[in-house]
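As a starting point, one isolated chain is supplied in structure tokens, in the form predicted alone.
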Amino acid sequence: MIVLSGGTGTPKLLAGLKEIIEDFAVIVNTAEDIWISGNIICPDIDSVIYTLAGIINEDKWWGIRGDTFKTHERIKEMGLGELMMLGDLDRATHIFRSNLLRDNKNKTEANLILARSLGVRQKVLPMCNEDIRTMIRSGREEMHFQEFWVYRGGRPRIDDIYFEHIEDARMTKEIKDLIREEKNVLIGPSNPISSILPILSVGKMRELLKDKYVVVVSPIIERKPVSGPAASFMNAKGIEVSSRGVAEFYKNIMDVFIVDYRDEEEVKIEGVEVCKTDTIMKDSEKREKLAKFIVDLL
């Protein structure tokens, strides 16, 4: 199985999935990567790796459980500050990966080595090796996603969201091989615009998925995202903020659409099976139950 993932909703599902099956691979959004204090930060990939390694901070679904922030606080005291609050153990990850990149490894190679070093058995693959940047346009301002979401708390008005240099992104050999070998694809409940659209925009990914059996989990319940800025991004792209809007977004590539049972939106897409179940993954039991539901479908 292939899973397409962003950094919050889908890692929760991965936490349940790894308790049900072991044989799956994850293709992760890297358009939100950013260099801070001399090291590259890959927020979505790290959330996936930490989840599969069993060390994710489940209170936030980013960072490492029990981490400290002494280095970050010291840098701040010295007057420099950092765009993101980086934990000490988390920073070791960024240094490790960045040193591999400085040693002429590409992003795929570096992240595979990183995942193995933390005991992760599944392949965790960046969507491409090129540097892509998620940019937010707000009036006359343009800013990196991390400035918008982390530094400014998601407050600026969103007029547009786009992926800088996405036209230069090439599908890696590892992803091509994976898609050739696997027939089942799961798109988790990640933000469809900022997390999944960059992955679908690399090379011929969207076209290749049309030949796969694709299951999508809606991140919207009753016209509200479960978490994050999905509503603002969907509005900026002219997509209705509802499960119906999500279904329209994925309709040309998906075979099964999973909606939360509390969502009363009527979703009908020709050729797509719509299933309802509990998609709120508030604890390990709920995460495993949803994962099993999906595995049984596949």
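Note that the structure is predicted; figures quoted are calculated from it, not measured. In case it trips you up, residue 1 is the first one in the sequence shown, and so on.
Same protein, other form: the form predicted in complex with a small molecule, not shown, and the subject of what follows.
Heavy atoms of every residue among S190, P225 and A230 are located within 4.5 Å of the small molecule in the predicted bound form. Here the chain stands by itself, but in the predicted bound form one stretch of 95 to 103, 182 to 190, 74 to 82, 128 to 136, 182 to 190, has heavy atoms within 4.5 Å of the small molecule.
The single contact residue among I158, I221, L209, V120, judged by any heavy atom lying within 4.5 Å of the small molecule in the predicted bound form, is I221. Under a 4.5 angstroms non-hydrogen atom cutoff, the small molecule in the predicted bound form lacks A15 among its neighbouring residues. Mapping the unseen interface onto this chain, C275 falls outside it, with no heavy atom inside 4.5 Å of the small molecule in the predicted bound form. Remark: N111 does not count among the residues lining the small molecule in the predicted bound form, judged by a heavy atom distance of 4.5 Å or less. Within this chain, I280 lines the site of the small molecule in the predicted bound form, having a heavy atom no more than 4.5 Å away.
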